[in-house]
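A lone chain, given as structure tokens: the form predicted on its own.
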Amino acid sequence: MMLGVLLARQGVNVTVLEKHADFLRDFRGDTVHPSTLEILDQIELLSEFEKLPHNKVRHLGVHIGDRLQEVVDFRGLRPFDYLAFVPQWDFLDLLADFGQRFENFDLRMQHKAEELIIEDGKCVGIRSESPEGPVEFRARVTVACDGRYSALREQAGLKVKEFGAPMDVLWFKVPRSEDHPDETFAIVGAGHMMILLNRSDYWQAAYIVPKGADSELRKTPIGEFRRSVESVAHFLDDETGIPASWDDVKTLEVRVDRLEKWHMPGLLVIGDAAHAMSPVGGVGINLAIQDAVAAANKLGPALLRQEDVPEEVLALIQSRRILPTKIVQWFQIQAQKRVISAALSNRETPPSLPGWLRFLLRFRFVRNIPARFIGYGIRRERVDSER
């Protein structure tokens, strides 16, 4: 959606295909990082974004043992010193409405991308299913943004490098009351880990389980799961009866992978389809938006020249985005191995922070380091203002 908007602003004819009738899916990534806020500011959409219902989070903590330790602190960072938690359907609607201001922006809802059209080794478009039946779109460049289970990258025969993950995530909502903590934080204990996102009147909870444990858990009564949640976060009262059933608990299968090559003639792959990210740091969507900005900066001028876009242009986009992707994935993999795996496997001894680390984290400039990495990332993209 962001790529479509950025290309339309440059005068490129662009069609965005969305397989659903609307954007109302729960438990999608709702974090909008400072790097994305910068992009919205550059395209003069920030003031409209700020009218959306959202929470601003300026620091993140980890509850270990009997103490809540601040670890990530956005305060003092510029130009934006917070994360914004915004329902993703509101954010997508905002971008869709903005795109509709351009007559060359064509959003097709209920159009599921089914098949690449390959002719003489080049992608020349896509076939999709719609309420009216099959539809064929011809395009000089097709961009696959169809997520971590991308069927289009598979059809293109692009090789994937798998890194694995030790956990999956169970997402659900729990009512929040005034006597609950105000923070957004993680809880790490002996054999368990949980993340609680403060959404004002409810908690968006992420319960971390060992890889593949979800199917066995779902064979047990939901009441047992609620009691497990309460044992981790004692202030969440099981008497609420929420989640009421396993239908209210959504599973995110965590994957970390990366395409060796993000393109073929006529086709570019970006976002999770090019590099599935761990939920560690919540950076997947914002990294994908950075991909979109880099792609728009390169594709726009090439498409406006009204000639075939050489594969070298697509290669330049991957070259621009591969370093940030590799660095972020490396840190995510280290966090999975050293923190999450250790927490889930050790059911006897509660974890604790070393004294030297607790001392360093007393200083805001130290807490700013992970905040800058998470919030602004590596090699920040800027919208090409000349276009």
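Bear in mind that the values here come from a model prediction, so they are computed numbers and not experimental data. One-based numbering along the sequence shown.
This protein has a second form, the form predicted in complex with a small molecule, left out of what is shown; the following refers to that one.
- 147 is the sole member of 164, 147, 241, 191 with a non-hydrogen atom within 4.5 Å of the small molecule in the predicted complex.
- When you look in the predicted complex, the only residue of 125, 265, 282, 87 with a non-hydrogen atom within 4.5 Å of the small molecule is 282.
- Partner proximity in the predicted complex, defined as non-hydrogen atoms within 4.5 angstroms of the small molecule, places exactly one of 177-185, 300-308, 135-143, 269-277 at the interface: 269-277.
- The candidate spot formed by 17, 171 and 252 is fully in contact with the small molecule in the predicted complex: every one of the three has a heavy atom within 4.5 Å.
- Proximity of residue 288 to the small molecule in the predicted complex falls within the 4.5 Å heavy atom cutoff.
- Remark: residue 364 does not count among the residues lining the small molecule in the predicted complex, judged by a heavy atom distance of 4.5 Å or less.
- Residue contact with the small molecule in the predicted complex: residue 31 places a heavy atom within 4.5 Å of it.
- Interface membership of residue 111, defined by any non-hydrogen atom within 4.5 Å of the small molecule in the predicted complex, is confirmed.
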